[in-house]
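What follows is one chain in structure tokens, specifically the form predicted on its own.
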């Protein structure tokens, strides 16, 4: 979607990350200045920003976003351009020449053919390419939808099917494959179609809520009041009710459209963005942004409203001068002045996360400041839940989670609160293991925007409005930037089996003190396994009795492989939380022991294996505080899982307590560490017991000299004789070894000395 920005321009001075904000745009922008340009268009199918001239069309890749990317160009014939899109396989360019004609241009050969409306009484509102198996091309007209197949050999767009209905304007997003057709006097009645690789799904007709302004006045819904967004893999429609000053949200299901709630707005001009599944509502008049994480039940914002800021803007280039509105070329310093305008008249917001300055031909990308967001709330568990759902900056989210966890422990926050923090981290790690995201990498939503929406300046004849280019088809959404040639492959319509299963999925993630047993019940049809990550659902209490199939965005279109997951493993918890905290924490270690016990409780609930060094640390802390009785109970009840590392630490700590050392010896024996057990018995002076154990368990790895040296050190000739006889009987050929000769001679000398 798009939205004209505020008429009052606000200039600011910027330097780095100075200023308080949760959302920022990074300098420099993508500059799209082309002499003779007729405006800018965004094609979300190809992820390209398009700048046509009289005989060429220049295109810039926007995903991944690179402000220095060079444009490519294609030659086209002269003529009016109302809308332009590339085909999904990048072989064709479609240009709307008038309200009656579409021209198809073959990029390789340069050949063209045209498609015209059959009746002059109908006009073209817009078009888009599709990967639906029934058709290649969809033409949206005032009389309905024409589904067309592109036949290049015959140079025709063959009519496959027609869906007849009255259409005032429409909204389409390529990621969702969802087109909404508005009709009625107030344009509040909608019919929806999802055209995906799985076929065509027709949604039931529904009406959007609109408050009445006056008794005899009925407001008309405009195209710029509607935003189709994809959040956590679910498709929502955000509708601005300007009379009630509310932002309504609707969730799409296969057989129902359910209103999910409303959020207040505080400006007459509103724009919507989505960054990393966070809904951004721009209050344009107030020049602030309100953030919502609609994964949670609450529709309350996750932070206080704060302005949108620039980052990395050169201090030397900023000034308080205002944009003059001239279209001519200017010096770089003047361009920087124009770039410093927040919420200018010429800003067009493109869902999900781009801003187009149509006057200066700049494209900005919106970013979240996770550090600022995490510092803005004192509700630590909620902050961690929010960070654990972030995918675009997974590494930063992980580091923030680790730092926050260390801080709450060092500050000795209440154990109950820290336990909730731990439950959040452990639950999310367990979920990432079950879905495979932690080991295989996280598939996350990529950036994309409108398909063919004209983002020209309001000063030009082609403006973004319900009656202008928006009527030609606005589509702005989250989508990946894979090569256009591969875009048409492996696309699917992902339909959950039922809303109750969707609810079970949501609850299992939300309640971090319980296991994720309900997750196995959710079944996503037609989706890759990675699509199941952190997907929210609406609460059943909002629509009881419904057994609907939620309509989801195409997984292949909204995902790309990222290197890391924000989930934190038990090994990382030990290395980056408990070990550093133990070094920094002074005083009684009882608090840290209590925190570790809560961590062990949580991991045991999720059946996750803990790093053995954490058990070792626990033993050290308890022994340091001489809490031997408690340590004994931990071992007997297997709060500390048996391992070689644990056993050796028990033996080390047992130097001051015989009972603890005995527990260590018993653990070594139960773990069948026969060699270690024999060596420990010898070290404790139990030579004969060690010999009997070695013979019983056939321990041949212990050197005879170890026993012989220990027996000699005891100065007991009978013991030395017994050891010699044991090895002579137990090890064939031992009588011929140097050890036997040496210690037999020593034994003879000891006996001679006793006789004399």
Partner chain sequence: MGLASANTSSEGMQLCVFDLRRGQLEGQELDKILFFFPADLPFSTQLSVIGLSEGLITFTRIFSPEAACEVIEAERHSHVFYEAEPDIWMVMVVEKSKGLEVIWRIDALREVLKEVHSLFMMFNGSIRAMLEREPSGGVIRSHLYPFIMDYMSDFLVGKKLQLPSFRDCLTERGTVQMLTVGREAAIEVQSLVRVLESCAGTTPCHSLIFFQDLLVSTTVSPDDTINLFTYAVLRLTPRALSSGASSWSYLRKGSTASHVAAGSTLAQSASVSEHLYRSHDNSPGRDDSYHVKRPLQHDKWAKGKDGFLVTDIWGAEIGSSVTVSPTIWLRQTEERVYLCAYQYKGLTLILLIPVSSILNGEQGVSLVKQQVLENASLKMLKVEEKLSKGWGGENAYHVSGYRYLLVDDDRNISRASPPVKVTTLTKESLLAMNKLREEVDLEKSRAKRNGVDQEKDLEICIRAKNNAWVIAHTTRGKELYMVLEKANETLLYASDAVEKFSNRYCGGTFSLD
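All figures in this text were calculated on a predicted structure; none of them were measured in a lab. Numbering follows the first chain given and starts at 1.
There is also a form predicted in complex with its partner chain; it is not shown, and the following applies to it.
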Interface check vs its partner chain in the predicted bound form: of 375, 597, 403, 209, the one with a heavy atom inside 4.5 Å is 597
State the residue from 604, 189, 382, 569 whose non-hydrogen atoms include one within 4.5 Å of its partner chain in the predicted bound form. 604
Even though its partner chain is not shown here, does it sit in the predicted bound form so that 634, 638 and 684 each have a heavy atom within 4.5 Å? yes
Is residue 655 one of the residues lying within 4.5 Å of its partner chain in the predicted bound form, judged by heavy atom distances? no
Would you please decide whether residue 164 lies within 4.5 angstroms of its partner chain in the predicted bound form, comparing each non-hydrogen atom pair? no
Decide whether residue 692 counts as a contact residue for its partner chain in the predicted bound form under a heavy atom distance cut-off of 4.5 Å. yes
Contact between residue 624 and its partner chain in the predicted bound form at 4.5 Å, heavy atoms? no
Have a look at 639-647, 120-128, 216-224, 68-76 and name the one stretch with heavy atoms inside 4.5 Å of its partner chain in the predicted bound form. 639-647
